[in-house]
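In structure tokens, the next block holds one chain alone, the form predicted on its own.
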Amino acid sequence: MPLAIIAHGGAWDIPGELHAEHLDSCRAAAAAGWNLLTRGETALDAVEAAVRIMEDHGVFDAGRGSHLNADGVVELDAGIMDGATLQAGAVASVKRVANPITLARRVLHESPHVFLVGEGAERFAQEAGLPLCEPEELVVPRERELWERKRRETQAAPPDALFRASDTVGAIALDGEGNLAVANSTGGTFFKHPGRVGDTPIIGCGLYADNTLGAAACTGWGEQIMKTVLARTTVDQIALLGNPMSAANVAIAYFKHRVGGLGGLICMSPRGEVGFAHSTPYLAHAYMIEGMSEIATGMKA
């Protein structure tokens, strides 16, 4: 079975001056996962490592650097799924965990539950021996300035404006045992209502993996993605069409036609073929498949 990994750094109208930084981080994420795959590590190891790179970078709406909610606080969501067993772990509305993807993986392995939120998720992190951080450590000056500017405005921005600066991160991998895994992480929409959770950690909506069908990770306007169960819709199309690039295009076409969807996705077949599509101007992504000489990166499908 060929090794493969693909990572995304969000789908939106990414300003030109940020393209290089987005691509560099996606490349670094894919490289981190690829290095683990070539050493015989699992697809779960690879996607967790890739997402952690992007959570730590600071340019993305994930981990450190995430958007602030209406109260001026970072609330993080993440999910991970094992295509071999269909086991999954997810967390949402956590404020004191710098790498929520690692917490989500601990939920997958060490909890009888699939989804933990808020204070309960943070208590589980402590029980699992994961370090907690101060909420302010997750805030970068760029996001604090944007929040202060928004707070001074008298009218709320329209929903599409809130969406535009949203760069959720994610990754899919296929390991040497033929197992797929997928992971997603986000800080959610800018100036969101406290407690809002989007598609990112929700199995079937923001992510899905099944060794027999394929895997997908979504990014974009979460409310629209949830309504169309976009990750599972994409995986079903992979099984139906046999080609992940065609499946990605069909899923995004449906997403756009049915709800005016703004977003994008990456996907992978059980054979390690990759696909990606988006209805936004850009989708930052990077991928590596066994037999390629170097990691491929791009901003458009």
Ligand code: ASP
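Remember, it's a predicted structure, so these values are computed and weren't measured experimentally. One-based numbering along the sequence shown.
One more form of this protein exists, namely the form predicted in complex with aspartic acid (ASP); it is left out here, but the text below deals with it.
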Taking S93, T102 and E122 as the candidate spot, are all three within 4.5 angstroms of aspartic acid (ASP) in the predicted complex by heavy atoms?
-> no
State yes or no: in the predicted complex, is some non-hydrogen atom of D175 no more than 4.5 angstroms from a non-hydrogen atom of aspartic acid (ASP)?
-> no
Within a 4.5 Å heavy atom cut-off, is T189 in contact with aspartic acid (ASP) in the predicted complex?
-> yes
Contact label in the predicted complex: G220 to aspartic acid (ASP), heavy atom within 4.5 Å | yes
Heavy atoms within 4.5 Å of aspartic acid (ASP) in the predicted complex: does G198 have any?
-> yes
Which among 123-131, 142-150, 189-197, 93-101 is in contact with aspartic acid (ASP) in the predicted complex, heavy atoms within 4.5 angstroms?
-> 189-197
In the predicted complex: members of 264-301 within 4.5 Å of aspartic acid (ASP), any heavy atom = none
